[in-house]
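Only one chain comes next, encoded as structure tokens, the form predicted on its own.
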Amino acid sequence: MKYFIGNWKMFGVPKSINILKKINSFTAKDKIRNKYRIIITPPYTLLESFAKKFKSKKVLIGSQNCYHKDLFSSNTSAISPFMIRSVGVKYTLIGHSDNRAEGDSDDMLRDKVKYALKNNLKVIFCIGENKFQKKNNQTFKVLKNQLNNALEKKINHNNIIIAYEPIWSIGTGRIPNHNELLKTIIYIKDILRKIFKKTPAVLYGGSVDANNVDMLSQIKELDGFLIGGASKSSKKFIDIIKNYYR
């Protein structure tokens, strides 16, 4: 199973559901639709309406984040995993570089993962190094720490997806070369085996588009993609899927 996950970030209004309708219409006609899974993570304001509309469709809905406490609390603007699951959402991103930059610590991320899983959300856990860390050959060290500090051995690895997003690549149009990315994905899977004994799905994210997905498709160790800007257009998103399988 390959994953094509769209992260809308701060994009989308109610009428943006038309994007999902077009994607769903494509998958309904696609003969190989059972080979992949589509998840879209719109902003909080659209979660409930989108989840209800696509409850029985091919397109699944995820949250872009969740709070590190369970149920309810007195934290203004916070949204807990319990609240997200209560509106029919099945997935959540955790650990995106945007949220790490805003203060998500390892302890917070560990709690987010724990409470998300407790509330039957599947977790898409994001990891990645920045430009400085890459330049100083710290990529593997950073990724190892991010995984070990947030993922506990006792959690169910079947409910975890890892998304490798090199921060230096996001929004730049630059992606790692074939050998570099292959070595990194193999390393990530080796670390995951040490944690879980088995390997959750590992995706790549960072300037993925219809032009470079053909090269990325040659890396068989990849289990899919976390897609940013291109996921805001039904045509661009669909073209990524088509080009991957052509």
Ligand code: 13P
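The numbering used is simple: start at 1 and walk along the sequence shown. The structure presented is a predicted model; accordingly, all values stated were derived computationally and were not measured.
Beyond the structure shown, there is the form predicted in complex with this ligand, which is absent from this document and is the topic of what follows.
This ligand is not drawn, but in the predicted bound form it has no heavy atom within 4.5 Å of Gly12. When this ligand is considered in the predicted bound form, Lys112 lies well away from it, no heavy atom lying within 4.5 Å. Among residues of the shown chain, Leu203 is not one whose heavy atoms approach this ligand to within 4.5 Å in the predicted bound form. In the predicted bound form, Ser169 approaches this ligand with a heavy atom inside 4.5 Å. Shown alone, this chain has one stretch from 149-157, 102-110, 127-135, 169-177 that lies within 4.5 Å of this ligand in the predicted bound form by heavy atoms: 169-177. Scanning 90-110 for heavy atoms within 4.5 Å of this ligand in the predicted bound form gives just one residue, His96.
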